[in-house]
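Quick heads-up: it's one chain on its own, the form predicted on its own, in C-alpha cells.
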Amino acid sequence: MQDARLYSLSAIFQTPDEIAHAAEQTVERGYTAFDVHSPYPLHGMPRAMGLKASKLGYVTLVFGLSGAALALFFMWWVNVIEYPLVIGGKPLFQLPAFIPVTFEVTVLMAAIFTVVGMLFVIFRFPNTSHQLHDTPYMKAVSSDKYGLTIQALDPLFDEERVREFLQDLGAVEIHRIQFDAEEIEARPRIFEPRFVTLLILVALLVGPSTYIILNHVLYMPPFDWMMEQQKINPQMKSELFADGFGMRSPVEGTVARGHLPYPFKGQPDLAGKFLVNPILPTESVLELGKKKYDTFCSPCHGNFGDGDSRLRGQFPNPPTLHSDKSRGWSDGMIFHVVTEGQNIMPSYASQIKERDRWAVVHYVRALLRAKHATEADLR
C-alpha cells in the first residue's frame, strides 16, 4: 500500500547532460507528475521535459483585451451618452484621442491580473510552503547539483520501480520526500484567518495613511512648495497693477516679430473693397478650408452653412450663410469677419492662420455655390 505521507522520490545528478538525459527518459517512460531543478536555467530543458506553452499568456490576453474594451466603452459612454459636448467641431467619439488611455488601461489590467493569476492560482498564495523546502535535495540543487523529482500522485508511480528507474539513470543520491503531518490534507488557504487578518491590517493602515498624505501632508510645508508660489494664475486678482487685473493685454501698438498687424481693423467696408484672396482654389486648398471650417465654423454655422448650430442650444444660432446678404459679400469681407468677428461671433485670428482663413473663404464660396449653382456650374 502506498504511503500516504510520501510526496516524491527525488534524485540528484552531477552534470547538465545527465539531468537532460534523465528528463528525456522520464518522458519516454510515461511519467507526467515530475519536475527538474537546477541552480541556473538549462538551455533545451523545456523541450526535454516535453513542457507545453504556459497558459498564463491567455490570462494576459483576456484581461488585456478586457481592459481595452472597458476603456473604450467608458470613454464612449461619457462623451457620447452621458456628457456629450462639441469641442471645436470634433466628433463626440474621437478614437485617435482615446488610444493612449486605451493602451494604458490594456497594459495595466494585463499586468495586474497576470500577477494575480500567478500568485493566487498558479502559486496558490498565501500557501507558500512546499514539501521540497528545507530538504537536503533542495539545498543541493540550488547550489551545484541537478535534480529530478517524481511525485507520488503520478498514475504510474510505484516507489520500488521509480527508485530502480532513477538508479538506472545514474542518480548519485535518491531522497524520499514526505509531507509534514499537518500538510497531508493541505489545501489553498486564501481565507486562512491569519491571511485575512493581514489583509485587514494592511487596509486599515494604507487607507487612512493615503487619505492623510493626499489631503493634509501634501498641503503642509515643505511639501506645498509647488502649490504656494509667487505667481498669478489665470483670472486671479493682482495687487501689483492699479486696475487689479492679473491677466494683461499686450501694449497697444505692439507688433509680434515676423507679423504685420491687420491693416483694416475696425474697417469692414475697406476690407471688403480692397482685400483680394491671394491663393487659388485648388483641390488641396479646398480640403484645407473644409478642415478648418469643420473645426472652427461648423459648430455654430452647421456643416453646410445653414445656421443649424450643432451646439444644442449652448449659444444662439447664427443666420444662414446662404442669405442674399452673405452671398453678396466679397472674399475680403468674409475674411474680415473671420478675422475681426461680428456681433457675438469672436475673432478667429489667433486660432486660424492667415492663409488658412483665406482657404476657409474659398470653402465657404464652394458651399454657397453648391446650393445656388448656375447653369454654367452644371455644365
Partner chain sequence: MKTPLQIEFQQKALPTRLTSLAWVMIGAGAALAVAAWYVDGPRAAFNNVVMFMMLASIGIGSLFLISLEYVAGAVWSTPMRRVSEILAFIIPVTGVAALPMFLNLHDLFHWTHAEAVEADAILKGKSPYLNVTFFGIRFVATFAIWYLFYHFITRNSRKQDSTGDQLFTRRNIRLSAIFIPVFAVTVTFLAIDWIMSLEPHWFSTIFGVYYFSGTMLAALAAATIAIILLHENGYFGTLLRRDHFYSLGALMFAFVNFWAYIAFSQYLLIWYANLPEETFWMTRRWEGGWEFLSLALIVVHFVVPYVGLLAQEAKMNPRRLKIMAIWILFAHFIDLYWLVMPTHHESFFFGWMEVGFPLLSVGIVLLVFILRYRKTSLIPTGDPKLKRGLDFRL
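Everything numeric in this text was worked out from a predicted model, so none of it was measured. Residue numbers count along the first chain shown, from 1.
Below: the form predicted in complex with the partner chain, not depicted.
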Is every one of R47, P96 and P100 within 4.5 Å of the partner chain in the predicted bound form, counting heavy atoms? yes
Quick one: is H43 in contact with the partner chain in the predicted bound form, heavy atoms, 4.5 Å cut-off? yes
Does the 4.5 Å heavy atom contact test between K273 and the partner chain in the predicted bound form come out positive? no
Under a 4.5 Å heavy atom criterion, is K90 part of the interface with the partner chain in the predicted bound form? yes
